Every structure is written in structure tokens, then in C-alpha cells.
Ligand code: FAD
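Have a look below at one chain only, the form predicted on its own, in C-alpha cells format.
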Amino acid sequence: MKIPSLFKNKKPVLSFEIFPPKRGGTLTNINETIKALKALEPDYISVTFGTGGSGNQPLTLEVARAMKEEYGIEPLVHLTCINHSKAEIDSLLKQMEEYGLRNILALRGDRNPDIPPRNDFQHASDLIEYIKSRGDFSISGACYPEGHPECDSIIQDTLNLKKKVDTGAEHLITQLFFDNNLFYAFQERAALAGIDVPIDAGIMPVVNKKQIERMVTLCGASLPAKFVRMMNKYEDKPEALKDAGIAYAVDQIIDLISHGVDGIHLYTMNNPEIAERICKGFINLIK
């Protein structure tokens, strides 16, 4: 099943993101995570690839294969290109074909200061175009409601996103955001640019203040005043912060559903308990 087809029969689509264990780790814990998330009836689950040099690349495909074969869940495999040659990408695509994996989230990947980038692919759009020429894959792309942190302007970022779609991305997933108004403004820009593929809204639940601050530093998401007040008030009360963060994510999702969002993509951080609590807050709205 190709993921873009899901949006023809259901709205919103529900999906999760998980990350595989690093090389040398076992699949036991991730299998338990997948089993718990399956009970929430996601339409698909994405599996991250890891930054260059992190050592978890080989297990990404093993996790995705197990997800599909053992649990009957459609995987979306992250594939990064900044630290890969075309030959290495070809090898990964061949392995995906052997495993029956057809859905790819094509990403440039984060720069690793300790590893010189390869020169075969400069941007995610280069990888998308290359994958389209190598087989019958369905390709998704990433997008940034507030613009990519390395892009000079919101207009240029929108044009770059249009290029991803023009070169073959059939579905988009946003980076995390905490202000829905920024997402709605992004939707308008995308529509004006002629981007008409389904867009999943990426939601990151608060687990702890340091984690959120790190993620925000990496992706450039802004924090609304009410979100900052929540973190400041409960930063020394871990359970209270977790409860408040779950409530905030549920409010975000309910508002997105009421505005007709194409899909909700929950960044689970491999914590099915939090995913379950969030889903309980809105699941009846999408059944």
C-alpha cells in the first residue's frame, strides 16, 4: 500500500514516528513499542534513519520489515542523503525492494560536524528525483511551517517545497510546531504555490523541558507564550509537566481536526504510553 492512497478514503489519517535502536542494540524494546502502538490503530508508522555516523541505519530497514510482516502496519522508511553516495542509496533501495518496502520519507538529513558530507546529493529534492528514477517507490517529503532554519526567507522555503513536490513527493509531513496559526498560514502559502498533496501535521508532545528546548533549537520552532508559561510553571514537577504537555497536544490536535487537517503525525519518542493518552483525547473525532 502506498501512503498517499490513504488520504483518498480517510481524513484525518493517523500516524506515528518511532526510531530504531542503534547498531548493537536489540529489537526487543522496539517490538514492544510497535505492538503497543498497533493497538491505537495507526494508518502507518514512520521509522527514522538517524544522522550520519549514528550507527542505527541498518536496523531501520529491519524494524520496518518486522512492522510490515509481523504486525501488519505500513512503514514509512526515512532515508537521508547528505552522507550517502548514489551507490549507497542504490544499495538501500535494493534492500527495500527485497523487503517489500515501498514508502520512503526522503530527507537531506542533519549535518554532522564530524563527518564530511558527500557531494552526490545537496538537497532532499535531489534525492527525491533520484529515487523516482530507480523504482516504483512512493515518496514523502518534510516541510517546515515556519520555514527551514537554514533558508533565507519564507518565500524561498515555499519554492523549495514546491520543487520537492514537482520532482516527485506525493505527501508531506511537517516538522513539529506548537502554534496552529503558523500551520494554517503555511497551508495557505502552500496552496498559493500550487502544492496540492496531502500534508500531515507533525505534533511533538512535551516530555520534559530540556528535550523540547533541544528539539526547538534543531528545527527552529517558536514557542507561544502559553506554552512557555506551561513549561515554566511545571518544569520542576515532571508528572505535572507531562500531564500539561499531553493536554496541550490534545488541544492542538482537536483544533487541527476541526480545521480539516489531512493527517496527524505524532512524534512518539518511542513512548507508547504518552501516545495512548494523547490519542484517547481525540480518537472518537476521527472514527
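Note that the structure is predicted; figures quoted are calculated from it, not measured. Throughout, we count residues from 1 along the sequence that is shown.
Here the subject shifts to the form predicted in complex with the ligand, a form of this protein not shown in this document.
Notebook entry, point to check: Only one of Ile199, Met96, Ile131, Leu105 has a non-hydrogen atom within 4.5 angstroms of the ligand in the predicted bound form; which is it?
Noted result: Exactly one listed residue reaches within 4.5 Å, namely Leu105.
Margin query: Which residue, Glu170, Glu146, Asp179, Asp157, is the contact with the ligand in the predicted bound form, using a 4.5 Å heavy atom cutoff?
Written below: By the 4.5 Å criterion, the partner-contacting residue is Asp157.
Item checked: Any non-hydrogen atom of Asp114 within 4.5 angstroms of the ligand in the predicted bound form -> Answer no; every heavy atom of Asp114 is more than 4.5 Å from the ligand in the predicted bound form.
Notebook entry, point to check: Might Glu188 be said to contact the ligand in the predicted bound form, defining contact as any heavy atom within 4.5 Å?
Noted result: No - in the predicted bound form, heavy atoms of Glu188 and the ligand never come within 4.5 Å of each other.
Check: So in the predicted bound form, does Arg118 come within 4.5 Å of the ligand, heavy atom to heavy atom?
Finding: Although the ligand is absent here, Arg118 would stay clear of it in the predicted bound form, with no heavy atoms inside 4.5 Å.
Note to self: Even though the partner isn't displayed, in the predicted bound form is Asp110 close enough to the ligand, meaning a heavy atom within 4.5 Å?
What the structure shows: Contact with the ligand, yes.
Checklist line | the ligand in the predicted bound form: contacting segment from 88 to 96, 203 to 211, 179 to 187, 146 to 154, heavy atom within 4.5 Å | finding: Looking at the other structure, the answer is 146 to 154.
Margin query: Could you pull out the residues of 256 to 273 that have any heavy atom within 4.5 Å of the ligand in the predicted bound form?
Written below: The one in contact is Tyr267.
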